[in-house]
Each structure stands twice: as structure tokens, then as C-alpha cells.
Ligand SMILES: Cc1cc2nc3c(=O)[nH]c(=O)nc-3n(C[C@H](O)[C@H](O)[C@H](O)COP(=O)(O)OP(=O)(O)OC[C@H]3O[C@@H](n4cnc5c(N)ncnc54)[C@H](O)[C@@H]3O)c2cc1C
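Take a look at this single chain, the form predicted alone, given in C-alpha cells.
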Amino acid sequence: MINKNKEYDCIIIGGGPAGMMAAIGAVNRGKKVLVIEKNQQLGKKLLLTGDGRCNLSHLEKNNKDFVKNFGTKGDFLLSPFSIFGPRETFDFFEKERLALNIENDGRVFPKSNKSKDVLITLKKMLEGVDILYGKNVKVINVENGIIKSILLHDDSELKSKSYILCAGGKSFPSTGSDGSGFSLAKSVGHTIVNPVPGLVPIKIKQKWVKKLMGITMKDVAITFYANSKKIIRDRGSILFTHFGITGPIILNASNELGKHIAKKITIEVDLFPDKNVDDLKKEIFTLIGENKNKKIKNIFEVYFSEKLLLAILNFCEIDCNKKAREIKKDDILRMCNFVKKVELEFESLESFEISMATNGGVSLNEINSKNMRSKIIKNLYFAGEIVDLIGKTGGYNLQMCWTTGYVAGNSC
């Protein structure tokens, strides 16, 4: 049982990755620490990361390269990373005998490929920390720019010298990240940058896209426009779903698209990024000339899977069973132009229910990056997804949680 009359040195709201790291940092400094977790377990969302493997960080050359993966706001992390960056994170877990594996693409996982092993490691280090499960914070009581106490939903009151808000964002709300942390921060005067789903698939307006469900297009170039102005260009593989497109380059693009959802967003996909349209036309006409008596669907197997090829031929109104010599020149030209510029129209981002992170949160302008302390409330700190930072897929966002949690826990 928690002694509700006990005055703590630090109360941490949220028992996710950032909250646990903050608690470890504070208790190791001899602080009396309480973690308030709305679920009946810690790290519920952590267990889902990396498809259950827990992509806990990413190997980069240096911190400057690492923060570039957070876009224009990434420089905020330079100071926190100088205190506890990826290298310190690797040492932190390996010191606790959690073996790590760095994959060829730089992603870092526990060698066991089990997120539960990361959670077990963290929970072992929480000895001495009081944990209150199944409770929500209802009110933060502030006087003269200082938090005096907090009220839980059962109207019990808790007091502490300092507080760290690590309540997460809005992604995967089933894990407890329901945006309530934003309401608490706003109630004490903080600005919330409008939260939208991040690292999320996107919906496409065209109905024919559904026919491509399950098809992966490898090594394509994709360009996004907002009100006809180019905002993103990337290259990689994309996967068609029943509602639109996904894949690493799509998830990463969704972070930037979140800033432009009020605009008309259009998309162009180039299936042959290494060939210009004239060279592609010459190549295809040569291929047809060498295979005049073959069915057109058999000739192009060298380029496309059967399902994708049939969709392309159908879109270009070319009979797949016709022989190559029967196809008109204009039809081939139309197909070449189409595969060099497949035009799609953005409908929306997918929902928070499946987004991997929240794009938006407590304004960085109101947080001191050196210690993660509020510039408005003297004894309030922030860490994790609740702040207005979002990185690319690949372990960047969990690293942000470890880093900001550690800094807050060692500053409170």
C-alpha cells in the first residue's frame, strides 16, 4: 500500500519507457520516488515496440547525425544527448547484462529479440521506487508557479517536491496513451502543438489502389506535394494495403505530412527511378520488337509481379492477352508515362489506434533542454512522447524517451 501522507522528492506521472528511466535516475540519486501508472502494469506500450522485439535505439556516427532524424526540431536533443545519448544507453543496458544486437541497418535490439527482456531489466532497477497502479491524475494544483500537490480521480491528494510528466501521447490509446497528459500540461499553462498521428500509414483516395493490396513495390521514388509544392522526396519500398500505402519511407513521410494535412496533398510514384522516361521507352520498344509473338503480359514479367502488371495494363487499357505486335505505339507510350509517374491523391493519415508515435505535444519553447524542466512551472519536468518531438522509424523515438527520461530524473 502507498502511504498517501508521505511527501516524495519526485512523483512521476506515467510508467512507460521515459517514466521508468526517470524513476531509475531519481532513485539512484537517493530520491524518494513515486510512479503513478494508469495501467495495472508498467511498460505496456514498450512491449509492442519493434513488433515485440523492442527496437530500443539506432547506431549513428554521432549525436548530430542522430538528431537529424527528428527533423527541424531535432537540435533540441543535442544538449540531452550530450548527457545521455545512444552510447550511454547501450552501456546502461549492457551493464545490466542485457545483451544487445546492432543490425546491418543500424537498428538496435536485445539479442533475445524479446521486448519483455528490456522491461524485465528496467523493472529490476526500480527497487526502492513506490508504484501506484490503476490510478489517473485528475488535477494539478499550482500556486505561484509551483505545483503544490496533485489530485487523483479518487480525490486522494499526493505531494512532492518535484513532478515529471511522462504520460505519453495519443498513439496506441489502448495502452493508456490517450492524450490525458496533454490536458494536464495545458491545465498548468503549457502550449500543446496539435497532436496528429505519426509514423503511420496513409490512406489514398483512388479506389483502384485496393486492387493492389499486398503488393510491394521495391526501390521506387516517391514525391509528395502540398498545394503543388514539393515537400518530400524519398526512395525505398512501399506496400499497398486495402486503404492505401505503407512501408518505412511512408511511415517517415507521415511525420512531415502531419504538418500539411489542411492542404491538398498529392503523390507521385516513379517505378523506375534509375531510368528517364525516354530511355525506358526505348528499352520497352526493344523488348517488344524481340518478342513480337508473345503475349504482352508475358513480356513484362521481367519488370513486374503478375498482380501489379495486370493492374498497370488494366489502368492503361491494354489487353493483357494481346500479342506484342498487336499493341499500338500510343498504348506503350501511355504505359511508360504511367509507370514513371503514378499519381495518387492523399486522403488522410491513418488513426492514432495504429500510429507508432504522436506528432505534436508540449511545445519545446516552454521546456529547458538542459534539464527537461518547464519554463512555466518551476518544479515540473517533461520526458518522452508527451513533448513535441518525433523521429523516424528505427529506434529513434525510444532513444528520445530513454534520453529525456534520464535527464529529467537526474535533474528533479
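Position 1 is the first residue in the sequence shown; the rest follow in order. Predicted model, so just to flag it, every value in this text is computed and none were measured.
From this point on, the text means the form predicted in complex with the ligand, which you will not see here.
Asks: Tell me, please, which stretch of 34-42, 340-348, 372-380, 359-367 lies within 4.5 angstroms of the ligand in the predicted bound form when heavy atoms are compared?
Replies: Answer to the contact question: 34-42.
Asks: Can you check whether Thr49 is within 4.5 Å of the ligand in the predicted bound form, heavy atom basis?
Replies: Output for Thr49 is yes: heavy atoms within 4.5 Å of the ligand.
Asks: Is the gap between Leu398 and the ligand in the predicted bound form 4.5 Å or less for some heavy atom pair?
Replies: Leu398: contacts the ligand in the predicted bound form.
Asks: Classify Ile13 as contacting or not contacting the ligand in the predicted bound form by the rule of any non-hydrogen atom within 4.5 angstroms, answering yes or no.
Replies: Ile13 belongs to the contact set for the ligand.
Asks: How about Asn136: is it within 4.5 Å of the ligand in the predicted bound form, going by heavy atoms?
Replies: Taking the distances in the predicted bound form, the answer for Asn136 is yes, it comes within 4.5 Å of the ligand.
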